[in-house]
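Just one chain is shown here, as C-alpha cells, and it is the form predicted on its own.
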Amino acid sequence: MPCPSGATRLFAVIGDPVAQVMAPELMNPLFLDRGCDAVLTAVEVKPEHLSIVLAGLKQIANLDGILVTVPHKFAVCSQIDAASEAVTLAGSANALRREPDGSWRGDNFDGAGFVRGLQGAGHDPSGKVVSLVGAGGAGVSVAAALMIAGARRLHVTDLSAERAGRLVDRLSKKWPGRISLAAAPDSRSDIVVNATPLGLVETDPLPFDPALLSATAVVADIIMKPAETRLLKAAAEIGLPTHPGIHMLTNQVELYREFFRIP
C-alpha cells in the first residue's frame, strides 16, 4: 500500500474494543484498487469518551467518514445532522459521512449487508419465520432489514426485555402483527440469528441452544472473529446449516463504497 501523504483522505472506524474489527482489511484494499488516496484506521473509544472523540474527529478537515461498531451505534445517532430510513427504523447507525456543506449524514448497512449475505448463500428470508437474538446496535438494523426483505414473522429476544420491546414497538408501526417479543428463539423458526456479542470469546456461553431448533433451521451469526463461533460449531455438530458473520461485512463493502462516494 502506498505511504500516506499530506493529500491522503482519512476514514476511521470507532468502537470498544476494536481488535476484532475487519473493516480496515477490506476498505484499504478497496481504496488501493480504485486509485483512491485514502486510508481507514481503527480507533478505540470508551463510551464515556465518545462525544469528545467524535466531536474532535468531525473537526479534522481531511476526515471524510466514520464507521461505527460496538457499542456506539445507538449513541452516535444524536451526533448526526441527517439520517437515512435505515437509521430511522433501527435507531442506530454504523456509518457517518461528511457532506459538502460540512454536515454529517448517518446510515446503517449492517442489516442490508447481513440480508445480502443470507440471500447470496441461498437463505432468502422472504416468507420465512425468523428469530433474532440480540436487539443491540447491529441487531436492530438486522431486524429492520429482515422485515424489508419480506420475513413473514420475526421473534425478538434480548437479555433486556425493555430494549427488545422498544425494537418490537418501533418496527410494529410499519409491520403490525408480524413482530413479537420472545423469551427464546421459536423452535419452528426457519432462520435463527445471533446478533449478540456472545461468541467473541471462546469461553462465552451460547446465546441459545441450537439443539432446541427444528432440524432444518439455519443458524446464523453476525460475529466475524472467530470465523466459526462456538454457536456455529455446536449447530454444525448436530447437522444444522450455518451462516458465518463475515458475509455481513463483505456484503457491506459495496454499500460503503457508494455511501462514501468512492469511485
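All residue numbers refer to positions in the sequence shown, first residue = 1. Owing to the predicted nature of the structure, the values given are computational and were not obtained by experimental measurement.
The same protein also exists as the form predicted in complex with a further copy of the same chain; that form is not shown, yet it is the one meant from here on.
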For a further copy of the same chain in the predicted complex, the stretch among 207 to 215, 193 to 201, 25 to 33, 233 to 241 with residues bearing a heavy atom within 4.5 Å is 25 to 33
Residue 249 within 4.5 Å of a further copy of the same chain in the predicted complex, heavy atoms
no
Does a further copy of the same chain get within 4.5 angstroms of any non-hydrogen atom of residue 10 in the predicted complex?
yes
Decide whether residue 42 counts as a contact residue for a further copy of the same chain in the predicted complex under a heavy atom distance cut-off of 4.5 Å.
yes
Are any of the heavy atoms in residue 18 no more than 4.5 Å from a heavy atom of a further copy of the same chain in the predicted complex?
yes
